[in-house]
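What follows is one chain in structure tokens, specifically the form predicted alone.
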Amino acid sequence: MRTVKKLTGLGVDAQIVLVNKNPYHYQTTELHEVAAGTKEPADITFDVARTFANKKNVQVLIDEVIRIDQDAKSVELKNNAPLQYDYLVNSLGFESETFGIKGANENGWPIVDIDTALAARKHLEDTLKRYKSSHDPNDLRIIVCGAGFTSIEYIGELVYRMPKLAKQYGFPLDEVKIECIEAGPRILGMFDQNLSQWGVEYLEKKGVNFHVSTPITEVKSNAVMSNDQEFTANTIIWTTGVRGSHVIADSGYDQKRNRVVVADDLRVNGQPDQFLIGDVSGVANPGNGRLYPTTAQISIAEADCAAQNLAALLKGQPTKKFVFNALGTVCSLGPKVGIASIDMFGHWNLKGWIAGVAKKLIADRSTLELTNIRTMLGND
């Protein structure tokens, strides 16, 4: 969607068709807030068609992409006839990754879109509410699998909201147990030791228990196994990681975990009419040759670069190499608190309320760049 917005500002002479599965666009970096119940879907979504209502060369088509026929240069859809293209920008997004762990699909609650976030939230609230009649201690136990950004930010929202839930549903707050199980040796390893330790200790003071170097081997209906070690709970949130859309593999791309390593201008190798960006794209860091992690920050930069390069092709001009300059990392630990490592006007390590403000400013700026000031402020 960002690429389309950028293209319309570059004055390209082309008919643009934007295919989106839902009539709304949502901020994926805020899904954990919907899942925890600190935000509603309306707070993180906006109408796609309305955004481009005044753009005569943009057609918004609400449908689901099921396959891309690269030889025929067409996009196959669930409910409409295939679309032929001269150029394609593929940004199909991500889905939950289970790594083949037994029971993860059946028993874990992922947070990958609005529907799954709402489903996880409903299950959590129904289970907490049930404790008043069940007196089952597992109804007050919550396991979060994985310790990536979604996991930690979800936990932060959860501990913030839990006192209100306890009052609403009449369960003892001091008997709630939140466990985070992580295969790696550190929590918040993307930050330096002092900053990550502050974040971990903040959540531990709120009652969260972290288990590092604890690989998950099986997920049962009310338990997570790490070899012979068992953690019981009736709410199991699955946020161990994501992979690109399955449409990538279904369409025959050379891929790994549904990510395609692209050329330095973000085009598909051997397919000069295709750009791949976001979670389905693998972009090599020229400094070390390793792929950049798929983050919202790099996806935004890719969208802008793809728009500029596509505009260049339409004008008969050469494309430019994708260059990524990371501005830092921000992780919220609830609506008002966070930690941040910012690389702007020097290097800054932030913690507490000021990092929370930085997170909100970033989210507001992203919404503003995609829509307008009225949407950012929540006005219809």
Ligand SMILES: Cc1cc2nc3c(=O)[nH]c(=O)nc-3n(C[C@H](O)[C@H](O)[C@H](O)COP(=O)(O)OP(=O)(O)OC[C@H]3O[C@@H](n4cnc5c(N)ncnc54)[C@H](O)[C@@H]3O)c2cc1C
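Don't overthink the numbering: it's just position in the shown sequence, from 1. All figures in this text were calculated on a predicted structure; none of them were measured in a lab.
There is another form of the same protein, the form predicted together with the ligand; it is not shown, and what comes next is about it.
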Contact with the ligand in the model of the complex, heavy atom within 4.5 Å, among 43, 47, 63, 69 goes to 63
As a check of understanding, the residue in 200, 247, 260, 165 with any heavy atom within 4.5 Å of the ligand in the model of the complex should be identified as 247
For this session: Run the contact test on 32, 93 and 111 with a 4.5 Å heavy atom cut-off to the ligand in the model of the complex and return yes or no.
Result: yes
Whether residue 309 contacts the ligand in the model of the complex should be assessed with a 4.5 Å heavy atom distance threshold; does it? no
Using a 4.5 Å heavy atom cut-off, state whether residue 38 contacts the ligand in the model of the complex. no
ask   = Does the ligand get within 4.5 angstroms of any non-hydrogen atom of residue 240 in the model of the complex?
value = no
Answer with yes or no whether residue 150 is in contact with the ligand in the model of the complex, where contact means some heavy atom within 4.5 Å.
yes
Given 121 to 129, 250 to 258, 272 to 280, 224 to 232, the stretch touching the ligand in the model of the complex at heavy atoms within 4.5 Å is 272 to 280
Of the residues spanning 15 to 31, the ones with some heavy atom within 4.5 Å of the ligand in the model of the complex are 19, 20, 21, 22, 25, 26, 28, 29, 31
